[in-house]
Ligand SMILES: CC(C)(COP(=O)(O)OP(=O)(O)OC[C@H]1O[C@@H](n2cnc3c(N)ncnc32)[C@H](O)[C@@H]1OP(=O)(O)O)[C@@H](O)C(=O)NCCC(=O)NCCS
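Before any questions on binding or motion, here is one chain by itself as structure tokens, the form predicted alone.
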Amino acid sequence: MGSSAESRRGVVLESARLRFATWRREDWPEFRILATDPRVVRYISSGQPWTDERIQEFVTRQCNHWEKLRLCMWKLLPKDGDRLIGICGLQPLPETPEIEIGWWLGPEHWGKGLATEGARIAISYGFEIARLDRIVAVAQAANRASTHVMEKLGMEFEKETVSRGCEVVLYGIARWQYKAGA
């Protein structure tokens, strides 16, 4: 995988330009920069910047997911640095038996293909390492950037639904449909 320094930082996966790291509960201030940026959270739930309490709950939940399930919404770090630039990974979709894939990036990293690059690594992990049978993704219909990434991953539109109190579109892909390296 990498050096012992990387394992101390919690790096578990890498892509050409990204490193995926696990969370520590004290990492929440680092995530605060993204979670309070109105541009980043525009299509997340109500679109309102997150409170410190919600940020801490998210980070704690990701720590718990990693400890119990060996999957989470990992911290995204650039290959050449340790500053959080986004999140990407897998987690249980609330109130369903499904596992969802998701991603956020800071605005300065939009339009560079990083969401797709990260999501491809996460979906590969889901099918090849975690041995999931199916992965879904949800987004508000107006979030065309995210639905476009879903389509690039080979996911197909399945339905309109409500998730976390918001109207969303749900896309899905089964392991048998997944093509490694696609």
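Residues carry their position along the shown sequence, with the first being 1. Remember, it's a predicted structure, so these values are computed and weren't measured experimentally.
There is also a form predicted together with this ligand; it is not shown, and the following applies to it.
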**Contact residue in the predicted complex, from 35, 132, 44, 136 (heavy atom within 4.5 Å of this ligand)** = 44
**Prompt:** From the list 54, 70, 152, 61, which entry has a heavy atom within 4.5 Å of this ligand in the predicted complex?
**Reply:** 152
**Request:** Decide if the three candidate residues 103, 113 and 116 all line this ligand in the predicted complex, where lining means a heavy atom within 4.5 Å.
**Result:** yes
**Request:** Consider residue 143 of the chain shown here, and say whether it contacts this ligand in the predicted complex, taking contact as heavy atoms within 4.5 Å.
**Result:** yes
**Message:** Residue-level contact is defined here as any heavy atom of the residue lying within 4.5 Å of this ligand in the predicted complex; does residue 40 satisfy this criterion?
**Reply:** yes
**Message:** Please identify, from 143-151, 23-31, 62-70, 121-129, the stretch that has a heavy atom within 4.5 Å of this ligand in the predicted complex.
**Reply:** 143-151
